[in-house]
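Quick setup: one chain, the form predicted alone, written in structure tokens, and binding and motion questions come after.
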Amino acid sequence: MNIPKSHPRYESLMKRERVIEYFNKGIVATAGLIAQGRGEAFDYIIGEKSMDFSLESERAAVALMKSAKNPIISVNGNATALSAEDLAELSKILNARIEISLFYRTDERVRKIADEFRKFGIEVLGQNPDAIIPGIEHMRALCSREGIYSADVVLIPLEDGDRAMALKNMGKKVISVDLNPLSRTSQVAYISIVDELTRAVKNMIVFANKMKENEIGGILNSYDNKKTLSDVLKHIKNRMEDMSK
């Protein structure tokens, strides 16, 4: 589809087209199309840009991953479609491995996602899972022992509530990227990034490149996730009230 750059929602529509393209490639699951639409709705309400609360969470997330012993970036089909190249770059900067985790898991989807990251010099974990996340009774329980299973910090791009809770119960610190501040993922996460994925990852790359080691402790000590989620809801409330006038 030829979308003119003059269209007021050009960026959002291009992301939608990319998800459709990767659905046709067999990387995005059918349910991923629904998830993309749900995210678009929240992004439209928030304002389709990274807000101050988004940037604060993204900065804290980078600090947490820099301080981690074994940080892992978990990816699914949508994350691959939207941000594979940037996630690969973030992975290299933060020395964080990338692991495939899929609810609708097939060998073909795993292979195609692995091939996509291989284009950017990343050999992903999760292709041959050898461990189980306790408390999950579906395919996302499968994980790599050297990856998610032994991670201390896990970045979960896009909604994944039950696994976020299971990882928290294992004692891991979960960083979520989810435009819905009321989702189980956002509510359970140690750091909740309420922002659109492609913007969030690009912002994190900037923070990761600029952040100095002596800044990490102060950033983490000053971050308050409950306040961040409260700020998000206040922003949505105020924006809705302004738009209704």
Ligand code: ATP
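Numbering starts at 1 and runs along the sequence shown. The structure displayed is predicted, hence computed values, not measured ones.
From this point on, the text means the form predicted in complex with the named molecule, which you will not see here.
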Checklist line | Among 209-217, 194-202, 22-30, 65-73, the region lying within 4.5 Å of the named molecule in the predicted bound form by heavy atom distance | finding: 194-202
Note to self: For the three residues 35, 38 and 184, which mark the spot I'm curious about, does each lie within 4.5 Å of the named molecule in the predicted bound form through at least one heavy atom?
What the structure shows: yes
Next item on the list: Find out whether any non-hydrogen atom of residue 82 is located within 4.5 angstroms of the named molecule in the predicted bound form, and reply yes or no.
Entry: yes
Next item on the list: Verify the contact flag for residue 158: yes if a non-hydrogen atom of it lies within 4.5 Å of a non-hydrogen atom of the named molecule in the predicted bound form, no if not.
Entry: yes
Notebook entry, point to check: Does residue 60 reach the named molecule in the predicted bound form if we count a contact as any heavy atom within 4.5 Å?
Noted result: no
Margin query: Quick check on residue 180: any heavy atom within 4.5 Å of the named molecule in the predicted bound form?
Written below: yes
Check: From first to last in sequence, which residues of 48-76 have any non-hydrogen atom within 4.5 angstroms of the named molecule in the predicted bound form?
Finding: none
